[in-house]
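Next comes just one chain, in structure tokens: the form predicted on its own.
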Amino acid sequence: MTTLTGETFESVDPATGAVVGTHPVHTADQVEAAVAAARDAADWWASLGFAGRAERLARWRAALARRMPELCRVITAETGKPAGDAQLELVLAIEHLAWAAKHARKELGPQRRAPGMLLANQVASVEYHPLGVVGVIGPWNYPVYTPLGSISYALAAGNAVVFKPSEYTPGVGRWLADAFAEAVPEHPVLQLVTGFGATGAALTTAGVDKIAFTGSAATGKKVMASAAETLTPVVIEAGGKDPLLVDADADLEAAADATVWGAFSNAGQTCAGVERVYVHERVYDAFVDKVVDKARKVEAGEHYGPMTMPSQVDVVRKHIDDALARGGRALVGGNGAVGERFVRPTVLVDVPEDCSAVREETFGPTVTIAKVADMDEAIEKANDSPYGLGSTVFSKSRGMELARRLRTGQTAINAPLSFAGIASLPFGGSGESGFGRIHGPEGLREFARPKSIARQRFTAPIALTSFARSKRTEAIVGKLIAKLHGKR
């Protein structure tokens, strides 16, 4: 929650309403100045090469690891999440930072390519150059892990970064930027701008070479529209309505535990968390019993924190009310589960597939569970969504098969959200979940431009790209291609 006070705004603890920090509202002119300074810093940062950047990123990583309790306190103060959850996201962010710095040379350095028969006299290669300055607009639900999924990879690829954190977590952004400046004091390679939507909008038109945005689909579309004015490319991670499938041969205990964790951890404020579950009819009753038993042991305010963004409380309430009004039943929570700051766990069954609780992103501690005749029906219903971010499958014999049929950017098999912790795997979605990828080799290349180079080793005996090309040469080439490729 934030309160505008002239040229500054306050960040508050969502659990108590206490003010925890005051931050500037950066104007469009100030954002442009930050991008200009980053442009100069980007040249120096790129000139360090992979080894020089890796060494400095290691300093930053060491500071994050050494001062983990300090940063965790800032995360908890601004999001309300328990200290253990704050530490978990920081641990994962550090792992990604380490991977990006270590693998940047391998993934972005010069790579040989086959030139083909017609141009066998050439040496072909491709390498990846930094874009320059990347603008990162971060979310509030995971204010370290998620933005660093772009920042770490952009920095490792050789770019400078201007970071605009959520107005709900500016103190976390300030801490990260200050720690980086201590580790890399030479130039302002990572800069911070704070404020509201207008500050983020200014960043999209301030001359950056790419925008990485995480947030709602509606805001993502506005970012795209603004960036389109200057043909600035974007990476959009815009949430999801992520399904979990439970096959007849699944480990029900593990599946129930993953459902409860995926649905309720971080108060359900997880873009790749579990919001819908489709269960084979043969194990439906046993599975639901296990989920209900586990969900009743989860306490808001103890196992997870408050709703960080106050307006989301109304969304959660609307989805629960709609589900119950349309014939759904709450086995846990339901009526009265939504308080002023906290929402108790809610497990819904018999909810029609066209309800908002099934179709729209709830982003709160609720989950719907539906019975299906088989996994074909589960796949059909899981894929019947405008979103396509994360998914989970529990099956002892068909996990890979089912995972491949789910139209999502990533799938975890027999474990919750495991793809998020594996730094070598790309992360991203399709449809209303956005496009582009962070993490892994694809994440590094997302923040670099490919440069193709062809170098002639010797003069070709047959000149194809010259006005001196003869009719005889054309005839020879025509016959050669017909012989090589004309057979079926």
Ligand code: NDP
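Numbering starts at 1 and follows the sequence shown. Predicted, not measured: the structure shown is a model, and the values here were computed from it.
What comes next is about the form predicted in complex with this ligand, which is not displayed.
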Only one of 398 to 406, 292 to 300, 210 to 218, 88 to 96 sits within 4.5 Å of this ligand in the predicted bound form by heavy atom distance, namely 210 to 218
Answer with one of 348, 133, 238, 244: the residue that has a non-hydrogen atom within 4.5 Å of this ligand in the predicted bound form.
238
Identify which of 305, 262, 139, 171 has a heavy atom within 4.5 Å of this ligand in the predicted bound form; exactly one of them does.
139
Given that the partner is absent here, does residue 363 sit within 4.5 Å of this ligand in the predicted bound form, heavy atoms only?
yes
Find out whether any non-hydrogen atom of residue 312 is located within 4.5 angstroms of this ligand in the predicted bound form, and reply yes or no.
yes
Find out whether any non-hydrogen atom of residue 197 is located within 4.5 angstroms of this ligand in the predicted bound form, and reply yes or no.
yes
Since only the chain is shown here, I'm wondering whether residue 227 would be in contact with this ligand in the predicted bound form (any heavy atom pair within 4.5 Å).
no
Do all of 166, 222 and 271 end up near this ligand in the predicted bound form, with near meaning a heavy atom within 4.5 Å?
yes
